[in-house]
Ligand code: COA
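Next up: just one chain, as structure tokens, the form predicted on its own.
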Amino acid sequence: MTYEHILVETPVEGVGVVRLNRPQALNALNNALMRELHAALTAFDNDPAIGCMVVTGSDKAFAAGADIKEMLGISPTQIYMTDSVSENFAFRYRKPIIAAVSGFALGGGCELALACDMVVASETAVFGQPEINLGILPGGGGTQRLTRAVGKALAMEIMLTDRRLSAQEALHYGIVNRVYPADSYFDEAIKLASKVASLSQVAVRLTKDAVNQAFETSLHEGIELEKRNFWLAFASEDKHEGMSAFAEKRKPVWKHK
């Protein structure tokens, strides 16, 4: 498939990369780009050779926000009937996604990073939700995911006063997993993705599913789901291989079954 607004590559075995590519607009997220992003992620998600995905932008901007020019003419009815904004950030992929973030991650860009499972940032990364300056509020999950990540008080300050978080602050508050220099953050994200891709895809998917449920269910329901996924893992060939390899003191050879 040919893309206009993204670049797609597989730099190392098991890792699929989608790079946002609207440099003239600091990777502002319009509907065309988001459709391409989802198409590429869906292709990787369905590819048995891929175990982990990375979403990134440029060193200057991961994504500086939504495309305001495109949004300017949208009516409430159009938003309601298409639900394009919230659906764009409803990531329902089975495989883990790592956001490799440098420069601006504002508005929709911040929400895109939050929709991913892990975030590796460069020292230049800046996170924020400046929608209040436009007379609106985050519409891609920011009020929910950011609040779950940093807590109510700080989330209110970020969204009501346009406070920006540096990469180190984002690391401190749990938005970011790791921070690296601008010339190495992407390579480090690939290393992390490669590590995930080298593991049993069965166990990785079941783990991702269980962790995500921690944000969407009660403790009792989450533990019940974890228990079901734990039992399911015991039915996999990878469980037998992993435990056998441990007992035999050798490296496991995953079958992803």
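What you are looking at is a predicted structure, and each value in this text was computed from that prediction instead of being measured. Note that residue numbering begins at 1 and tracks the sequence as displayed.
The next section is about a form of this same protein that is not shown, the form predicted in complex with this ligand.
Site residues 8, 36 and 62 are none of them in contact with this ligand in the predicted bound form, judged by any heavy atom within 4.5 Å.
In the predicted bound form, no heavy atom of residue 150 sits within 4.5 Å of this ligand. This ligand is not drawn, but in the predicted bound form it has no heavy atom within 4.5 Å of residue 233.
Of the heavy atoms in residue 68, some are within 4.5 Å of this ligand in the predicted bound form. Though the partner is left out of this view, residue 225 does not reach within 4.5 Å of this ligand in the predicted bound form, counting heavy atoms only. Looking at 49-57, 22-30, 199-207, 185-193, the stretch with residues near this ligand in the predicted bound form, meaning non-hydrogen atoms within 4.5 angstroms, turns out to be 22-30. 134 is the sole member of 134, 156, 74, 90 with a non-hydrogen atom lying within 4.5 angstroms of this ligand in the predicted bound form. Put simply, of 175, 98, 106, 167 only one has a heavy atom within 4.5 Å of this ligand in the predicted bound form, and it is 106.
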